[in-house]
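Just one chain follows, in the form predicted alone, and it is written as structure tokens.
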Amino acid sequence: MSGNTFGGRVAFVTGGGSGIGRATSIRIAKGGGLVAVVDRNLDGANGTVDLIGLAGGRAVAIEADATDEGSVNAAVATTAATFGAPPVILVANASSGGGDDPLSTSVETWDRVMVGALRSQFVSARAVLPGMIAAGHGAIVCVSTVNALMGIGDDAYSAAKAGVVNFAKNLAVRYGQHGIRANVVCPGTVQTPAWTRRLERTPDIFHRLSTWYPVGRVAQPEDIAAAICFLASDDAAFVSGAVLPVDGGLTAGMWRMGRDLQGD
């Protein structure tokens, strides 16, 4: 990522305090972007800003709940006041999970996941769109998951993330006339802090999951950040409405079945 890739453009990254959001914020800043690191966890956001500062970039930490319209609108206003311009890059990354078997998932859990994983994307896009329209350009990258593309459990989360895919496509169609692009990345398994509790129960979980991936490993946050930053950059100027699996080949075919058929 060159130092001029984002040329002083203002980026608004939700869930920027850890994992994919942190890696993306750092990469945008290294590319010359001015980054609003937005997270419910202000300590996490400050940690990301500190790392960006050490790398010579500019960023501001903002505490906000990506599901709350007033909170996000205030965060966008703070971003514009800090950098002297509204965001023209949105990385809608903040999310929440849960909700598996419908027979054991309560309506309350289903609704909570829909709010955390889908409404958060709507609220974030709604907040930044006026500034992008006024600027005459913008890039929105929604973070979904391979769960949106096939059935692998976590039913509520998967359904919400499938909604993210369709929402981004509609953004691309509706706002392309204003110079605004919208795309989606669908990561596979990513080694982030979200897995901490699972790792405590199953220390070898990433090794076990790696056998499902043709590339032989799970992702690091930087793998996903690289794809996000491509879609947010001018290198993807003619890419809009795209859904990019960043999954080490997981959704390309039945890798483990093929190995079993071949007797490997």
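All of these numbers come straight from a predicted model, not from anything done at the bench. Heads up: residue numbers just count along the shown sequence, starting at 1.
Another form exists, predicted in complex with a small molecule; not displayed. Remarks below refer to it.
Trainee: Gly188 versus the small molecule, in the predicted bound form: is there a non-hydrogen atom within 4.5 Å?
Mentor: Yes - in the predicted bound form, heavy atoms of Gly188 and the small molecule come within 4.5 Å of each other.
Trainee: So in the predicted bound form, is the small molecule close enough to Gly19 to count as touching (4.5 Å, heavy atoms)?
Mentor: Yes.
Trainee: Any chance Lys161 has a heavy atom within 4.5 Å of the small molecule in the predicted bound form?
Mentor: Result yes; Lys161 sits at the interface with the small molecule in the predicted bound form.
Trainee: Given that the partner is absent here, does Val76 sit within 4.5 Å of the small molecule in the predicted bound form, heavy atoms only?
Mentor: No, Val76 stays farther than 4.5 Å from the small molecule in the predicted bound form.
Trainee: Check each of Ala194, Val173, Ala80, Ile152 and return the one that places a heavy atom within 4.5 angstroms of the small molecule in the predicted bound form.
Mentor: If I apply the 4.5 Å criterion carefully, the residue I get is Ala194.
Trainee: Heavy atom within 4.5 Å of the small molecule in the predicted bound form: which of Ala127, Ala182, Ala94, Leu90 fits that? Just give me the one.
Mentor: Contact residue from the list: Ala94.
Trainee: Just one of 102 to 110, 81 to 89, 138 to 146, 165 to 173 has residues with a heavy atom within 4.5 Å of the small molecule in the predicted bound form, so point it out.
Mentor: Careful reading of the contacts points to 138 to 146.
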